[in-house]
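Before any questions on binding or motion, here is one chain by itself as structure tokens, the form predicted on its own.
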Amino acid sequence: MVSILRDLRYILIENRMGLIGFAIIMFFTLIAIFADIIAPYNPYELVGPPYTPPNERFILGTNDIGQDIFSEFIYGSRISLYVGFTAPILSSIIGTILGIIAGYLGGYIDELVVGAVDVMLALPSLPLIIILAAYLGPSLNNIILVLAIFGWPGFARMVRSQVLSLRERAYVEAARATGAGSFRIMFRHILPHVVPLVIANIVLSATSAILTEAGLSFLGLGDPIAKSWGQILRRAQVGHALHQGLWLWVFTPGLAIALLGTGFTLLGVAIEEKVNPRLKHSRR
């Protein structure tokens, strides 16, 4: 417990990047949690004339059918955070399990997993993500599934490389000597040592997941019902927001996507520096 508190102190207090990143993430997390209180209107209701410019009643104005843009923006934080956390976690579960098994057992299993990872990493991911998302249909869960399918190879390669080193450590040899089975060694003795690095990569991968979801939604491949920031941008583009003088309709969700992605990146780098101190010294 003392070690965990010491690590958190470094990441969230002593490391400036970690502090800024965590503050940004918590800001949007609080917005998402209290969206029902913060949003002045139901984002699905028609509350005013279309293309109403920002005023005292509508902070960001209304869209092309009369929905409050500010309320859409507030509820959109929930979608981005949901995708940003869910997709990398799902990818990490798949990649960590395969990476540990391949790295520890070796042999044909290792060759099979490494071959699958190499093939997946060699494929042009973005076009295939677009094609697969279009084939599965416009759904938020489908986007998460697609991101997990193309996200696990990076986790598997990282975990495998760590396990190749850890399996030769003295405590693993001692566990084998006491008769511990492979499953127990992999998930009781080795897994805890790769978890910090996996967490760092989950946080770093959240940025990619958020940007990809926004891009797919902007292309019309997201859930048309969900009020995500990407859907807001798509609606602004279709509704010719800039021609209507509603530049905040475009600027606000775009800025939020950039800020939230920056927050996850900064926090991920801070965690990675704590896990691998050599990165901190090299940056200095």
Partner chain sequence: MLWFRGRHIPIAIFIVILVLSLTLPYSDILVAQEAVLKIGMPDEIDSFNPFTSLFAAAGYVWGTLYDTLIYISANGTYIPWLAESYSIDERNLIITFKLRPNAYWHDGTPITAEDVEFTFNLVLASNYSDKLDKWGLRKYIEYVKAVDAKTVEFKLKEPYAPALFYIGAIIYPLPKHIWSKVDPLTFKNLENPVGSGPFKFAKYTSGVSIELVVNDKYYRGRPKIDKIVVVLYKSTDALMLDLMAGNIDAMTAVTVAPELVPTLLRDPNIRVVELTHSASLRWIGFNLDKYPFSIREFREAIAYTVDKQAIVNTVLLGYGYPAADGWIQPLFGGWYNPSVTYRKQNLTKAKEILDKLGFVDRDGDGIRETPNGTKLSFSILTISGRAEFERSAELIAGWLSKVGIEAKIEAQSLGTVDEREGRGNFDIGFMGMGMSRTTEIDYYIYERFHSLQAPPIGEYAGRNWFRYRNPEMDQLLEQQRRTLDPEKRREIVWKIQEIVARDLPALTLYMKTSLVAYRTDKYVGWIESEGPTSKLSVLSLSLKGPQVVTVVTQIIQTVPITQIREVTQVVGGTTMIMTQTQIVTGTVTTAPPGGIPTETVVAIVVLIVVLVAVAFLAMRRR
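Being a predicted model, the structure only gives us computed values, none of them experimental. Numbering follows the first chain given and starts at 1.
This protein has a second form, the form predicted in complex with its partner chain, left out of what is shown; the following refers to that one.
Is Gln244 close enough to touch its partner chain in the predicted bound form, meaning at least one heavy atom pair within 4.5 Å? Yes, Gln244 lies within 4.5 Å of its partner chain in the predicted bound form.
Within a 4.5 Å heavy atom cut-off, is Pro40 in contact with its partner chain in the predicted bound form? Outside the cut-off, so no.
Determine whether any heavy atom of Pro192 comes within 4.5 Å of a heavy atom of its partner chain in the predicted bound form, and answer yes or no. No, Pro192 stays farther than 4.5 Å from its partner chain in the predicted bound form.
Using a 4.5 Å heavy atom cut-off, state whether Ala134 contacts its partner chain in the predicted bound form. Ala134: contacts its partner chain in the predicted bound form.
Only one of these stretches, 193-201, 134-142, 74-82, 87-95, has heavy atoms within 4.5 Å of its partner chain in the predicted bound form; which one is it? Stretch 134-142 is the one.
Just give me the single entry in Ile33, Met26, Ile59, Val238 that has a non-hydrogen atom within 4.5 angstroms of its partner chain in the predicted bound form. That would be Val238.
Going by heavy atoms, what in 30-51 lies within 4.5 angstroms of its partner chain in the predicted bound form? Going through 30-51 in order - heavy atoms within 4.5 Å of its partner chain in the predicted bound form - the hits are Leu46, Val47, Gly48, Pro49, Pro50, Tyr51.
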